[in-house]
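Quick heads-up: it's one chain on its own, the form predicted alone, in structure tokens.
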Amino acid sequence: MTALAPPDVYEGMVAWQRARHWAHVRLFDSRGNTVLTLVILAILGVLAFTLVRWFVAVADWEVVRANRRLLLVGRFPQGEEWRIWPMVLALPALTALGWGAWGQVGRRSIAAMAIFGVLILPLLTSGTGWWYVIVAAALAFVAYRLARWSWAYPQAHRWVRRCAVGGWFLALPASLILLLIGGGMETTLWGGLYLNVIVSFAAAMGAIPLGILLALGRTSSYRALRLACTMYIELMRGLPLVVILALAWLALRSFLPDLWGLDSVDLVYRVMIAFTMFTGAFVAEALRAGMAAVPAGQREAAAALGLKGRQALIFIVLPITVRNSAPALAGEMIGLFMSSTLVSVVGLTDMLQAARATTEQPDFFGRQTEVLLFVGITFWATAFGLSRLSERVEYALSGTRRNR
């Protein structure tokens, strides 16, 4: 096989010459690779043509347009959308701020955003809805440019990163306050994609600190604490999530203390607790693996500097552990968002359940293909954005710089 060219070979080449050289080295460097490449390209071409033709000429997207509110917010009352829009506008800005603070937008990310804009936005918005899209895009652009500008000023860049992290941690309390002030909204009316986001977001914010405590407990020198944490982790990892959700629905209130109304907490909050308990066990194992990969020399250096056990843990061990566990943690958070569709088993109307309900309407009976594909693309776009953002953070923590 032809060896890959060193970076200086590309100096002086224009874009098409670089693309030609890359294709020759990667795809057409031998007769066997050429045949295999052509066969794969033909198969992908036929699949892409069939999908695009069905998407444009055959599919009837009226089922999505007529039910977009149900898919996005479920049975949320008319006139109460002001409780949702601030966070809907803030999340793209926070994502762009974090993206710019730890990297820059690459070609793949731009392509994914273009696909999302072409396939999803025309189905979600109409009339005044486009104004919200424009405002969200403008806020995200300003946040991204601000983060990129801060790279030239170290002090400002540190503040931007702190604002990005703090914004994500404050987003959940702020969204809950908006939902509860002014008399509040019944949790039974929360639904659609918004329910998926808020449940997974709340579970993530609770699972990370819980996972840290469990990981520290499982590696503790105190045998009783280590045994208790190990038993909890193995129990949560051994039970199906559906069973834990069913227990949260039927039995969790019996185990909660009669303090501040905890024994009568609403179903949505019980589901959040169940997701937190389940995900925290997997986060703990990911962190334990990262903690085991901390070199012994780092601990010895901390001891040589006079750091005590707790100081070494906070300033040396945990930062390295988080850096080692970043890919696994990102995978757990994406899996958590995907698993949030299981809330339908306890009677909540998330986006997937709302999509199923649309196919039972007389006007759209049997049109499940379009609406389920729409749900799939929406979840893919969200997961892809989280994945790209986590890669930026991972590269920043590892000290590498890569634009993809």
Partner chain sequence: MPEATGTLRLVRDRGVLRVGVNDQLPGFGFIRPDGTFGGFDIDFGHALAAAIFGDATRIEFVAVSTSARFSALSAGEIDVLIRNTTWTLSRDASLNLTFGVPTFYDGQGIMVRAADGIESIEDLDGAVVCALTGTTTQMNQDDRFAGTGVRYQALVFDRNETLQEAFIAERCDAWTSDKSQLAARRAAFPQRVGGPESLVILPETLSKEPLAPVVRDDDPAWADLVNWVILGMIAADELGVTSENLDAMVEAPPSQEVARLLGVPVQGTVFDARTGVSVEHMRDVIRQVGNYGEVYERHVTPLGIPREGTLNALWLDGGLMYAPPFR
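Residue numbers count along the first chain shown, from 1. Because the structure is predicted, anything quoted here is derived from the model rather than measured.
We do not show the form predicted in complex with its partner chain, though everything after this point is about it.
Segments offered: 215-223, 288-296, 69-77, 234-242. Contacting its partner chain in the model of the complex at heavy atom distances within 4.5 Å is 69-77.
Though the partner is left out of this view, L250 does reach within 4.5 Å of its partner chain in the model of the complex, counting heavy atoms only.
When its partner chain is considered in the model of the complex, R53 lies well away from it, no heavy atom lying within 4.5 Å. In the model of the complex, at least one heavy atom of G347 sits within 4.5 Å of its partner chain.
Contact check for T378: every heavy atom lies farther than 4.5 Å from its partner chain in the model of the complex. Only one of R323, R83, R270, H157 lies close to its partner chain in the model of the complex, with a heavy atom inside 4.5 Å, and it is R270. Looking at its partner chain in the model of the complex, residues G184, N196 and E332 place no heavy atom within 4.5 Å of it.
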